[in-house]
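Shown next as structure tokens: one chain only, the form predicted on its own.
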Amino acid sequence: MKILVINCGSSSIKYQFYSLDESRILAKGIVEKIGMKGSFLKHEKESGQKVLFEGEILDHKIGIEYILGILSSAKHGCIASLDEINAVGHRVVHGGEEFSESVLITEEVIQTLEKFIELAPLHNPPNLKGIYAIKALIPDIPQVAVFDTAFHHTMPQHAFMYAIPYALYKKYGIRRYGFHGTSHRYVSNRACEILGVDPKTVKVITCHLGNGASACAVKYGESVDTSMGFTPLEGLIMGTRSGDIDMGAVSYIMDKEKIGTKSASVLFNKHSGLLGITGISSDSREIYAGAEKGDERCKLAIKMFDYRIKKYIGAYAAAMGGVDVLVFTGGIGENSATTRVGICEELGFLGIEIDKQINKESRGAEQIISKEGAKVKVMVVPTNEELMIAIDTQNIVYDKN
């Protein structure tokens, strides 16, 4: 079965085209700067050869037309016609309380997703644009929605509720939903595969660390807690997001700076986190470079970033009654040996001890980095959200047929 996986952002479309029966990625790429000057499509063939197409890509529909065109082109494509595409899987950020698993997209599903726009105004609209585009361009091909929030639906009520008037939860659905669920699901399962253990027998903490960052407590194969909440703003310090902050500080800043809710949202989502602390960058590589040159604010940002993650690891070990496996993933988690050391230091009391030499040599590949005989297996597992979307899509379409 050939599955096209689409991940639409506000001005970009990432895609991967799978032949799951053959365990092959036939092509992948990205459309960037949609609706802006200088928009382009960067396409990579199965052979690794890359091609760049520049053009006026005014909206997501045109962007997907470009993608479908190159996949079926005689020179750069990998299929003779669009009829070879069996299904399309979409990453959808927010599924609310309605969707606890991936679903076949119907008119009723689309209408429900449109209602959830207010829960994820930055993410769900472009996700829906991708669905609309496929429906218009290749209407007979089944589509599947795979939700960032779905994996976290197993969280118990005492973990996902906020201590606000219960009526507000019932009226507006204000609760912790959690995000990065597809990534946390993939790496927790993959870690267990590597170790040769049944996921239903172990307690795993997964740390997805990138420009967006979150931690998840996975007990016996199910998410029981995660750091992101009602929105992706809560939890760990991120590239430009503040993470956890006292709501009293938020209202104080709004009052002193005389700003409204929209400006406050921009402040805490776009101008805070590592960028806000350093005043230099949201990129951890640039921040480490600044720290090496003696920049005190860069040094502070690194310590704050590591410390917040360390606290969540301790909290989740307590919540699960222990931990057997600790997994690092995401751009920072997979590639920054220094960050992994900073996080794991002083966690020996939990049985977390890393082999510094193995850790130093580990970059972007599956690797056990804990010391021989350590109580907790510490691992690096590159995430593969696209593969999970493709597998879910195939399973749902196959079950339907």
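Throughout, we count residues from 1 along the sequence that is shown. This is a predicted model, so every value here is computed, not measured.
Heads up, the form predicted in complex with adenosine-5'-diphosphate isn't pictured, but that's what we're talking about next.
Interface residue among D295, D244, D283, E97 relative to adenosine-5'-diphosphate in the predicted complex, by the heavy atom within 4.5 Å criterion: D283.
G212 is the sole member of G290, G276, G229, G212 with a non-hydrogen atom within 4.5 Å of adenosine-5'-diphosphate in the predicted complex. Heavy atoms within 4.5 Å of adenosine-5'-diphosphate in the predicted complex are found in one stretch of 38-46, 329-337, 366-374, 22-30, which is 329-337. Contact residues in stretch 6-32 (any heavy atom within 4.5 Å of adenosine-5'-diphosphate, taken in the predicted complex) are absent; none meets the cut-off.
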